[in-house]
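To begin, one chain is listed below as structure tokens, in the form predicted on its own.
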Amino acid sequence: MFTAVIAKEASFLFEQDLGIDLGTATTLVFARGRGVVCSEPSVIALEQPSGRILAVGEAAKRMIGRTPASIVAATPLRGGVIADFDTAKLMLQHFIRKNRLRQFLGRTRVVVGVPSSVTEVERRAVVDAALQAGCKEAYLIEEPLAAGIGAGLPVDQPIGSMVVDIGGGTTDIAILSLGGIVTSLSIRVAGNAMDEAIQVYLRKQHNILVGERTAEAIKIAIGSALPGENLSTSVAGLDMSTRLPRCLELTSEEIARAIAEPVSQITSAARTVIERCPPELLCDIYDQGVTLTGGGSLLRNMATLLQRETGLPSRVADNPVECVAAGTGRALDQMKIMQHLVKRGTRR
């Protein structure tokens, strides 16, 4: 009995597996046996010219647009991929070290979710960042497959499942079956594109400038994929004529019009994937419906619009923001899934 307990504890000490959803807007870390242990903005604040880290995550995000010239608050990912390798490595290193138990013990394996459209060079950059952050082994998993696992879909069965994962920088849409992706499409249109559309709308229609964080707050407060919501909110911005602050009232009808283009691109991409789907799997999807994951799926009426545009039952997954992160971690426990993953690197 005592020996068994010791063996169990030893196994715990040496199993430091992590799953990471390295998103454009938010990074989530899933630790085996502990669930999602970290959910913070993908932002890092550095002191210039020394490069010293001042803040990472939520603290760094609060600095955006509010820093002196000697401090740079950077978002090292663009469109779901690493745009600045050095800052991405520092940010990833921070998240891994912060959430790994007993850092001096164990052989840490990490599975990182990536968009299905990333190039081999972009994949290599993710792996190198993970290995240089201290991991012994690094695997990559395509985000729609991870999202399906995290949402509890039967992705390892000979049954068709469809996932629409709307993140910050990319929307990944895929048909899943037998632990792999049958067909997929990734577009660099997602939550950030909606925020940018709101900024453009306010500039053109109201002659007012707002920042990214304000646009995101407007989207969360009154955003909708369809008109008809009776919501409103006040927003303050810079009047382009007077160069002075001005406050105005916005309605959900206006924001629905403002984000209509990026929302339409997402539904159009979903239709494209459905057109490519084998008929047998399409019957399965019609029976169990389309599952929406990612933070963008929380936009009001997004599932309703997708169902209207595709003719397929659509629903938002439980806790959609954490689906990819949970799926990356759980993939390590599902051998049928692991067979589809490629070990991209091992630290010597």
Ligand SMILES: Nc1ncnc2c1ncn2[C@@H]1O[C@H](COP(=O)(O)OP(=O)(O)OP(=O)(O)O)[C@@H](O)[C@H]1O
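Just so it is clear, the model here is predicted, and its values are computed rather than measured. Note that residue numbering follows the sequence shown and begins at 1.
Below, we turn to the form predicted in complex with the ligand, even though it does not appear here.
Heavy atoms of residue 57 never reach within 4.5 Å of the ligand in the predicted complex, leaving it off the interface. The ligand in the predicted complex comes within 4.5 Å of a heavy atom belonging to residue 216. Within this chain, residue 144 is remote from the site of the ligand in the predicted complex, having no heavy atom within 4.5 Å. Put simply, residue 291 is far from the ligand in the predicted complex: not one heavy atom of it is within 4.5 Å. Between the options 76, 160, 169, 262, the residue in contact with the ligand in the predicted complex by a heavy atom within 4.5 angstroms is 169. Taking a 4.5 Å heavy atom cutoff to the ligand in the predicted complex, the contact residue among 29, 299, 44, 317 is 299. Partner proximity in the predicted complex, defined as non-hydrogen atoms within 4.5 angstroms of the ligand, places exactly one of 64 to 72, 291 to 299, 278 to 286, 309 to 317 at the interface: 291 to 299.
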